[in-house]
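Below you will find one chain, with nothing else, as C-alpha cells; this is the form predicted alone, and questions on how it binds or moves follow later.
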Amino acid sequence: MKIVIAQHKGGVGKTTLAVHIAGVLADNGLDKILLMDCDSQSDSFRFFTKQIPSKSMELKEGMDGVDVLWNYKREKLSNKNRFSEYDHIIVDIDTRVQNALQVITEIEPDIILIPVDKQYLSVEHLPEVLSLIARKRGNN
C-alpha cells in the first residue's frame, strides 16, 4: 500500500501522522515498511534515526522496523520498481501543493491523507486542494 500525507499548510500534523502510520504498520513485524521523508526539515527521518541526514536519498534501514529515506528532492519516484521491495510506502511531503501533486502522479498512492486542524488556512483552501488532486488523479 502506498500512502501520501499532504497538506498545503504547515503545522497540521503531517509528520506526526506519517510517523504513527509507519509505526503501526511496523508493529506487526511482517511487512517491509518505507517511510519516505520528502520535506527539507527531515523531521520524519530524524524521528526514527535520531540523526540529521547528510544527503538527499539517504536511507537508514531497520529503524524500529521501518526503513527511512530522506528524499526532499523527490528523486527517482517515477521509477516504479525502485521501491518494489516494500509492502508499504508512507510519504511525508512538504507543504507545496505542486510537490504533493508530483508525488501523487509519480507513485500513484492507494490512499491520500490530508490532515486538517483548527488553523484557518488548513480548512479554507482544502476544497481547492482536493479539486487539484482529483483532477491530477483523473477523478473529476
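Don't overthink the numbering: it's just position in the shown sequence, from 1. Please read these numbers as outputs of a predicted model, since none were measured by experiment.
Unshown form predicted in complex with a small molecule; subsequent notes refer to it.
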Given that the small molecule is left out here, which of 102, 56, 95, 49 has a heavy atom within 4.5 Å of it in the predicted bound form? 95
Would you kindly say which of 79, 41, 28, 84 lies with a heavy atom within 4.5 Å of the small molecule in the predicted bound form? 41
is_contact(residue 122, the small molecule) in the predicted bound form, heavy atom dist at most 4.5 Å: no
Does any part of residue 23 reach within 4.5 Å of the small molecule in the predicted bound form? Heavy atoms only, please. no
In the predicted bound form, is there a heavy atom of the small molecule that lies within 4.5 Å of any heavy atom of residue 11, even though the partner is absent here? yes
Segment that reaches the small molecule in the predicted bound form - one of 33 to 41, 69 to 77, 56 to 64, 103 to 111, heavy atoms within 4.5 Å: 33 to 41
